[in-house]
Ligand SMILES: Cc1ncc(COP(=O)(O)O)c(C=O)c1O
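Okay, here we've got a single chain as structure tokens, the form predicted on its own, with questions on binding and movement later.
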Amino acid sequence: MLPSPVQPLEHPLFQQHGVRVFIKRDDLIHPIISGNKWRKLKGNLAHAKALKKKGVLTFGGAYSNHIHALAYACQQQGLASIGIIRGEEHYQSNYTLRWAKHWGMTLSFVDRETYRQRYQQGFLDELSKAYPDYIIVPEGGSNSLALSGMAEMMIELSEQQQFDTLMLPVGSGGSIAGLLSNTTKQAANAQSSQRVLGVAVLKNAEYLVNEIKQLMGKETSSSSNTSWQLLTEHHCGGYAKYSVEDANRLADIIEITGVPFEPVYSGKMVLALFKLLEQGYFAKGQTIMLLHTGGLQGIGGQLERNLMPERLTKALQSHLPSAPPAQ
């Protein structure tokens, strides 16, 4: 469903601080491939087909949104898929990987030391030789081919709702780099007064600033007239971690707004928004746009491991994913 809808969010805290808040519901693009995953994947899949490749090889953790989305997207596009998975083979029976296997993905499990080589050129060259009929897409789908899809999102926004600040969760950096690309600014006529705030969802994420700049390219990075910042203190303890207090507050927000925020990505973004409001970060009269980047399939893995407290589970009850087919 494109363009994805923009809707206002209502909460007493917004009124108290004199701000207007909207959310772009990229989680509603597709029931399986939602949010930034579809936008980042479509350029890569088109590239694979243009090169007449057999399929796509990529990387991810055992509960990866990227692995889940890419497996389905490749199946729909008639492409094979291979997932290099960090972890042990027993993970293949979990919620995410059972779906990936159902959609035809071949899973290859590696230890953490091997997985750390996923950005090293020598390791990638070896994979290219072993799988010459596959293109290699990095973890999270963040590469130069992903930027145009995120640029399209910014173009949609320019025609839907004016805003002062755009907030989004950041895992690998591709989404925010696409939003800041020259293509986006020229096509969407982005105003210099607008700013983009990325909320890093993992600990010690300062390195992502350079990753984002590299994805943008030197020319774009130096000429950008859109201010941006990566906030690295709102990770709630680390990737996929959060406290019971965080979960309960997120449950309150979901109940009041009616929008499903999972706790790994979009939930950390909205919790960051509330903390910033309480700190007086936003001036009165500002219009804030949130980008919901999907990832709701992750609820399945959270439930499977009994990680979600009861209140958050109840708040997300109507958005729980369907069970994967039996092996």
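Residue numbers run from 1 along the displayed sequence. If you're wondering where the values come from, they're calculated on a predicted model, not measured in any experiment.
The protein also exists as the form predicted in complex with the ligand; that form is not presented, and the subsequent description refers to it.
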item: Residue (of Leu179, Leu166, Leu97, Val170) lying close to the ligand in the predicted bound form, criterion heavy atoms within 4.5 Å; value: Val170
item: Option from 151-159, 138-146, 102-110, 117-125 whose residues, in the predicted bound form, bring a heavy atom within 4.5 Å of the ligand; value: 138-146
item: Close approach of Lys40 to the ligand in the predicted bound form, 4.5 Å, heavy atom; value: yes
item: Contact flag, Tyr265 vs the ligand in the predicted bound form, heavy atom cut 4.5 Å; value: yes
item: Gly174: touches the ligand in the predicted bound form, heavy atom cutoff 4.5 angstroms; value: yes
item: In the predicted bound form, Thr293 touching the ligand (heavy atom, 4.5 Å); value: yes
item: Stretch 49-81 - residues with a heavy atom within 4.5 Å of the ligand in the predicted bound form; value: Asn65
